[in-house]
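A single chain comes next, written as structure tokens; it is the form predicted on its own.
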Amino acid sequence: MTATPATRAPDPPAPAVRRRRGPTRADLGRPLLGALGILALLALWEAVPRLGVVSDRYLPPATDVLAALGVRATTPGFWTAVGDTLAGWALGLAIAFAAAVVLGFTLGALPRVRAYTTSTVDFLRPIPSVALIPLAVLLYGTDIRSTLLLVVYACFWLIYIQVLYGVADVDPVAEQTARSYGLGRLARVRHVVWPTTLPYLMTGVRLAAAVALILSITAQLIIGSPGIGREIAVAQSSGAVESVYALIVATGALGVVINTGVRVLERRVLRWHTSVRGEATA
């Protein structure tokens, strides 16, 4: 009678890894550190003119500037200027986005045409948008279209180049696999090219959003088109130093709001991407 080998007991199941869902202490600490940094900056700003390091004629105390901003915020003209600035920013960014996506995907799918246009892109892309200010004034005067010309020109290149990088980064194996399964050109763009390009595209949008605000304010400041920039120029010419700084602070706050909104949009659009999922589970 042969002895049967002893049956080995099954290994215990590995403990399940619990995914962290709630906000961590580090997540809660970031806004607190940011608030402390702002308070420290305001305290330094308040102390410099009060101690006579810089004359308050050129740098008013932070309390005076914030008080002037509060007064401005109660006037309809201030919010009209904010609306004009946001209108130029949003419309210019939308036009640049649409043009860059269409041309980027079209030329990215046609390597020979892209090669023919490379020298033209290399010539036009380094031209700064502010160099187009005389042309904008000549064509449109102080109309909002002058602002749009500068914003669209600068933002187009930021998004367009990122789209080209994304299209070029498509895995050829995935492309050939899609072809072998009988997917047409539009289906391959939707299921292969678009997911690969989307992270690059959102990077371009994030960069272009900040540049669009900068150029929108610049155009209003120099050309005189409606917006916060023109209000800064008017306040400067009338000698209202506190109002000048107050409007500058308002533009900074507007930039923070825009940057935060774009980052939230980026996380929502790329919630399937490994980088965003890594941030959520880290």
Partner chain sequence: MSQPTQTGPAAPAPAGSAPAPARGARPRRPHRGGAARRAGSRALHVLLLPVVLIGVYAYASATSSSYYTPTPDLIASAFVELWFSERLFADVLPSIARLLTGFTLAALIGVSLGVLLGMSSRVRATLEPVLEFLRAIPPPVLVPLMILLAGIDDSMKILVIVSGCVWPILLNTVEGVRAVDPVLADTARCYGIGGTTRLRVLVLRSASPQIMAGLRLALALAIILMVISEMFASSSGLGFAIVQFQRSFAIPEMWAGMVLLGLIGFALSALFELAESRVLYWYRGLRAAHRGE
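By rigid core we mean the largest C-alpha set that fits within 1.5 Å across both forms. Residue numbers count along the first chain shown, from 1. Owing to the predicted nature of the structure, the values given are computational and were not obtained by experimental measurement.
The following text describes the form predicted in complex with the partner chain, which does not appear among the structures shown.
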Among the candidate residues 106, 80, 142, 203, which is the single one with a non-hydrogen atom no more than 4.5 Å from the partner chain in the predicted bound form? 203
Can residue 137 be called a contact residue for the partner chain in the predicted bound form at 4.5 Å between heavy atoms? yes
Does the partner chain get within 4.5 angstroms of any non-hydrogen atom of residue 177 in the predicted bound form? no
Within a 4.5 Å heavy atom cut-off, is residue 193 in contact with the partner chain in the predicted bound form? no
Under a 4.5 Å heavy atom criterion, is residue 236 part of the interface with the partner chain in the predicted bound form? yes
Heavy atom contact within 4.5 Å of the partner chain in the predicted bound form, the stretch among 208-216, 93-101, 183-191, 71-79: 208-216
Output the sequence-ordered list of residues from 87-110 with at least one heavy atom within 4.5 Å of the partner chain in the predicted bound form. none
Spell out whether the Cα of residue 256 moves at least 2 Å between this form and the one not shown when the two forms are superposed on their rigid core. no
